[in-house]
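In structure tokens, the next block holds one chain alone, the form predicted on its own.
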Amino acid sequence: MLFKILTKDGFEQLVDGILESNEVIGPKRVATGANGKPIHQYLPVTSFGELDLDYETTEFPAKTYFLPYRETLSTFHFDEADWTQEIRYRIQPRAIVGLHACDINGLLKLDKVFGRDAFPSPYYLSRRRNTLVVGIDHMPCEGGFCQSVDAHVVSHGFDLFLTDLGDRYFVSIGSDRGFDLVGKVENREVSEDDTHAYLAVRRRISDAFKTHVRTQNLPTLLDLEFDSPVWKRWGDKCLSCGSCAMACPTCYCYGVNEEVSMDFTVGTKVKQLHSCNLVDFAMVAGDHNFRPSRESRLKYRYYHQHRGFAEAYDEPKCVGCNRCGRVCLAGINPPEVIADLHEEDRA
């Protein structure tokens, strides 16, 4: 990987250059919460001044720009005995500026699912490959435990990644197009002082984590505690609303519906994100539900995050952002649920 140093003005010029010919998404302050903290979302921006790169976290992940909540996969036009099919992919270039390491790691996990060799998703890949990703380091967010799942650092999956050194940025270059962008503005080589400053910032970030989750051997613990009363205790609280899946950077379960117009001239195949916590998620023909109880649905969500995905890809699906814990109306959050499982194992 190549490294460069950019001044703050140089980075602003770089973003202004991207804005000239691309849609740019970035963290914007949209409101103030009841706790007095600002609320941010990843939204389109038209100028560098609209970006708030000092944000703590966003309400929703960048996932929505790669996996829309609802999208049309194909459209069918029927004409007597003939029919045609129309399929469209996103080809318009876009840039997302200011992603944190956990969100970039979330995209890397989605890459493994939708970019795999056997059955890649052209809808996802068209967005991913046409999106420039510029990340930035940050201090741990409240309740975040990304360090516990090794998602607080990232070494690939981005074009540029910035670390704020005060009056300048330490820039990690992760792609050819990132290298070309940096070359369009004034930059310099990394000095020994820059390296020391960068490592000091990284140590300060690592030392600042307050929330820690014991994830060692967690897949085995989940198997051992499959029938644990912990699931009943937390499942009784679950409202089966699906908010956790919508806020999660890596939840990708979906359903596909076919819709036909009343005059039978047009049909569409529509994909819509789903949640394993919803009552009808495991419903099959004959109205049989494989997961009728709230505790079973909650349990299998945790199993997919920390057991099933780990078995398939050698890493958990969770990136430790704790967005699910923040949006949950019942107060269900991974640190407490996993801590309860460990306590149950000791009992």
Partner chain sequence: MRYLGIEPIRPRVGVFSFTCCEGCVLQLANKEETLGPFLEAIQVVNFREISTEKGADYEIALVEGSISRDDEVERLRQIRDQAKVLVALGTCAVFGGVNRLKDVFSPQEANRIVYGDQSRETAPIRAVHEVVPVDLSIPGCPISKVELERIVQHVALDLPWQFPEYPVCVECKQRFTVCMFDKGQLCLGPLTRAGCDAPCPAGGLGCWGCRGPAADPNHAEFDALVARRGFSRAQVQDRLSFFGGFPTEGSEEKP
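Everything quoted here is computed from the prediction, not taken from an experiment. Residue numbers count along the first chain shown, from 1.
This next part talks about the form predicted together with the partner chain, which is not shown.
Tell me, please, which stretch of 256 to 264, 156 to 164, 143 to 151, 194 to 202 lies within 4.5 angstroms of the partner chain in the predicted bound form when heavy atoms are compared?
-> Going by heavy atoms within 4.5 Å, the stretch is 256 to 264.
Heavy atom distance at most 4.5 Å to the partner chain in the predicted bound form, all of 34, 41 and 274 = Spot residues vs the partner chain: full contact, yes.
Any non-hydrogen atom of residue 50 within 4.5 angstroms of the partner chain in the predicted bound form = It does not: once the partner chain is placed as it appears in the predicted bound form, residue 50 has no heavy atom within 4.5 Å of it.
Proximity of residue 78 to the partner chain in the predicted bound form, heavy atoms at 4.5 Å | Yes, residue 78 is a contact residue.
Taking heavy atoms and a 4.5 Å cut-off, does residue 172 contact the partner chain in the predicted bound form?
-> Flag for residue 172 set to no.
Taking 4.5 angstroms as the cut-off for heavy atoms, does residue 232 touch the partner chain in the predicted bound form?
-> Answer no; every heavy atom of residue 232 is more than 4.5 Å from the partner chain in the predicted bound form.
In the predicted bound form, which of the listed residues (188, 212, 112, 237) lies with a heavy atom within 4.5 Å of the partner chain?
-> Exactly one listed residue reaches within 4.5 Å, namely 237.
Scan 47 to 70 and note down the residues that get a heavy atom within 4.5 Å of the partner chain in the predicted bound form; none is a fine answer too.
-> 59, 60, 64, 69, 70, in sequence order.
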